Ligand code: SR1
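Next up: a single chain in structure tokens, the form predicted alone.
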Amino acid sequence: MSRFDTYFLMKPADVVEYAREKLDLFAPDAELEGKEIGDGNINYIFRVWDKKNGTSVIIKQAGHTARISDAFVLSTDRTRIEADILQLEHELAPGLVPLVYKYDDVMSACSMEDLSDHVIMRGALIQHQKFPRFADDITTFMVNTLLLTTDVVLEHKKKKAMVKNYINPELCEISEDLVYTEPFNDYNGRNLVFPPNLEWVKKELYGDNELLLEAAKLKFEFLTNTQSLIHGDLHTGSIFIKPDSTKVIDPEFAFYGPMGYDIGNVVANLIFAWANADATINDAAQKADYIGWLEQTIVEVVDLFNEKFNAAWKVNVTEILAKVPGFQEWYLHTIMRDTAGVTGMELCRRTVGLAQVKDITSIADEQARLRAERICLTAAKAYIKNRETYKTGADFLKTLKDVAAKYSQAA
């Protein structure tokens, strides 16, 4: 009988023993070492490798509470969802997710391809690195995984069965609270507002009734729109990257929701990278060059998504009424509307909410951080309130640049 026949939360030494016993990757005489490498909010992530030949694996285990706070009690079924999703995403978008080797429902552990030759995109963007393939890769990933899991493509009973299979209430509740509720009222006191910005946030977020109404509408879209199998947490901290490769990771938040949620998360986190570069790069030429690349990437993410979506629609759509003239254009408009709204929600929640981003929190100069936060939050309000007007990448970029122009460096 194996001690891994009963669930417990593993330490690095346990994970080494687990890899030797449960996986077929290592030779009997392998010299294995392991360490915990995760710094996320939810799960425990370990790397195990053979010192002789470098063969390695990532093992991700779910605990019964989130690492960010014991207040979030979670089902370990999220690891099953993640393993299933990664395998499905590999079928739909080959090469853009890590390979899954094994899912263990007893230990709530998923063993997968080691991507140690990649880096987490958020950290690389904070170091002002460029990734020319990113916009192309991420839009291929999003079109293939989002459109191809909708009612317009799938037989409807199959799609409904998938909705049931990927029901994910505990993780959805985290998003419902942290993304759609708390940033606009701090009703339970968990927000982490930068103190110099507190009074401004109270007035411009908590006190803006028009904004609160639109946030409420967006929350109920998230609660009720089972449009597509979304990643559910598609930010730059969930992407491993190098110049010639993009790998999307961590889909434990996946469920059937509005596909604009994924696209908006990508756009918002590129805006955070823009705000960081604007605040921290001192050399004018270097700043112009890097910000120029980020702005081009923001535009390309939106425009390439639209272009690839329209091409994939023609090839893959099976629903007869989806072929009625004008329906495709309406459908894509709703996606861009939702994308704009979610861009704003993500900008708000990562700036004032419980789960923040280093793009902003690492800005050392108080005035520069204050300006960065207000650019993000003011742009967010525009994306949320005026979301029906956003159709192209240029529309998204114009809001960012117009807002930035209103804030002087001495704000």
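Start at 1 with the first residue shown and count on from there. As the structure is a prediction and not an experimental result, all values here were calculated from the model.
Beyond what is shown, the protein has a form predicted in complex with the ligand; the following relates to that form.
With the partner left out here, the ligand still marks one of 336 to 344, 75 to 83, 171 to 179, 135 to 143 in the predicted bound form; by a 4.5 Å heavy atom cut-off that stretch is 171 to 179. Of the residues given (L377, A355, I58, A30), A355 alone sits with a heavy atom within 4.5 Å of the ligand in the predicted bound form. Site annotation in the predicted bound form: the residue of N386, N53, N41, T361 reaching within 4.5 Å of the ligand with a heavy atom is N41. Proximity of E89 to the ligand in the predicted bound form: non-hydrogen atoms within 4.5 Å are absent; the residue sits far from the partner.
The ligand is not drawn, but in the predicted bound form it has a heavy atom within 4.5 Å of F253. Using a 4.5 Å cutoff between non-hydrogen atoms, H235 counts as a contact of the ligand in the predicted bound form. Of the residues in 344 to 361, those that come within 4.5 Å of the ligand in the predicted bound form through at least one heavy atom are, in sequence order, R349, R350, A355.
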